[in-house]
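The data below hold one chain only, encoded as structure tokens and taken in the form predicted alone.
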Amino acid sequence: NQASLQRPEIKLESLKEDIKEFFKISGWEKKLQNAVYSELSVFPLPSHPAAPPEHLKEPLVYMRKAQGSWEKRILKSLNSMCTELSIPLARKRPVGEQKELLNKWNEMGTDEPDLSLFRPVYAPKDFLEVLINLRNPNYENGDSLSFRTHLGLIQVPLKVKDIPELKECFAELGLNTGQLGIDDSTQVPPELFENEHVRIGQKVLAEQDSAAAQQYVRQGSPTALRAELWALILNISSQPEDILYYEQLKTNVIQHDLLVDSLIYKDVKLTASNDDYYFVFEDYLYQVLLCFSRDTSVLSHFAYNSASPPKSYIRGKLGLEEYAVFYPPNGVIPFHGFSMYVAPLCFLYHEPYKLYQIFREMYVRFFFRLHSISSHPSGIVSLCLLFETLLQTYLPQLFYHLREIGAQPLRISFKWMVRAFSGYLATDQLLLLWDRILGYNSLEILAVLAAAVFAFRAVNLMEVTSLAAAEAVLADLSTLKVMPLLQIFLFATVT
């Protein structure tokens, strides 16, 4: 500011260097670096200057169209529920109800409203049917030979990585690299590696460098450091204004009742409440998800998401844009299993506002891609195609066998990938998997793990004769060890 510039020790000729020096000393240099790094991790690479803005959302027209018609279906489902139950999309709570909700804010799980009439707007298997029917109109006549040989359910030609490319991409998972989550690493005794890894992790945290933290967790994060490392990678430092923002969202929940609240409530009851690991966090899940549905800052991720936020019109003003509001305010309609994106994070963060910030950032960076139709390499369509291509290429006998008996592998693995394996793996294993999602800034590892699970159970799967029997073989993943599975699949068994 002007006063500082008039101080005698500030010389105009060295102003630029002095400012740089000040940034270094004050710690602002690191903060700026982390902020820039965070932007680069989230936003897509700049496209051609002449490309229209919707290209940022999704470059392929047929994908944009498919996403648009899927959104219409979801809205129709939501609106028909409104009409059937004659419940408004939103209403202001009476004062008595506000007080009651405020009093039981930390024990909402004890409340047992009658939700029997509510149904999830959609479940993963409804979404899978839509993806199976996706077609690129330019390929309708089967003019692409290589693509005709793809015998999976996903029939769109997207470029996905093969094993050599995946090996290169996930090089730090190699057999000679120390890993957390592997008990009998061949080269290095595990306790030696762990002690050294923890020491480096503490150093990374002391440096407060997002890029270094991201590189570090590719080899797994020590349990004691994980919460801080993830916050650093996601560039979240809880400031007083963040706590205030969370409190404002909470006030909004207390004052207004939304139809999506009942959907969230029902989802938690159907999923996390019945889960041995997560039922204890029921109250946290309500708090985070109800606040999330009110958070309009989430809308900004629609700039690079193929989806668009649904609109609702003030009664009697249908179609008049000036009377349109986004509904729910964050633009995200929860589906069956949505609360499982939050549940594992409850193990790491115990203050609701911090848990909230981490979840929101994980959602706008990664999880939204698991339920929107796009051609992005981390999008669910690419993950499905990557999974099927890996199986068909590297385990052809298994793939053909399952296909012949009407047990297309994707019908089994889709629910794992849509939920990023949450609720399927033991929590310690899930967190090791999510370390790698953050470390590589990619969801592709989900498809690789899904294929590795099939490879691991291949002998049993070769003997089944129906979809139900195949599902039974893969019904329980809670004993699986993620890292050895990934390593063996990528670096040991296939060439």
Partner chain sequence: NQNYKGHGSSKGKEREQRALIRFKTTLSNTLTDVLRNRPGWVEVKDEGEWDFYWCDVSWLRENFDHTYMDEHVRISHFRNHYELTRKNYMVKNLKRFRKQLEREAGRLEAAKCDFFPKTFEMPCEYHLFVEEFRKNPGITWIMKPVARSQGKGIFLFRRLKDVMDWRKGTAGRRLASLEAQPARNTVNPSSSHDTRGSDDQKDDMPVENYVAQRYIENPYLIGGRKFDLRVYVLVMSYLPLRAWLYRDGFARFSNTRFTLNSIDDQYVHLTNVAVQKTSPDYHPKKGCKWMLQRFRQYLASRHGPEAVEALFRDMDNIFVRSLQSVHKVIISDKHCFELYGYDILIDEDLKPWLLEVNASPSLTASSQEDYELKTCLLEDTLHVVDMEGRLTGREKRVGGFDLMWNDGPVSREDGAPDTSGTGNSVTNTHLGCINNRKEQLRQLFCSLQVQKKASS
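Numbering follows the first chain given and starts at 1. Treat the numbers as computed from the prediction; the structure is a model and nothing was measured.
Below: the form predicted in complex with its partner chain, not depicted.
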In the model of the complex, the residue from Leu232, Leu78, Leu249, Cys346 with a non-hydrogen atom within 4.5 Å of its partner chain is Cys346
Find the only residue in Lys125, His350, Arg199, Lys92 having a heavy atom within 4.5 Å of its partner chain in the model of the complex.
His350
With a 4.5 Å heavy atom cut-off to its partner chain in the model of the complex, the contacting stretch among 326-334, 107-115, 259-267, 380-388 is 107-115
Mark Phe302 yes when one of its heavy atoms lies within 4.5 Å of a heavy atom of its partner chain in the model of the complex, and no otherwise.
no
For Tyr356, is any heavy atom within 4.5 Å of its partner chain in the model of the complex, or not?
no
So in the model of the complex, does Phe338 come within 4.5 Å of its partner chain, heavy atom to heavy atom?
no
Indicate whether Ala455 is a 4.5 Å heavy atom neighbour of its partner chain in the model of the complex.
no
What residues, if any, in 203-236 have a non-hydrogen atom within 4.5 angstroms of its partner chain in the model of the complex?
Thr223, Ala224
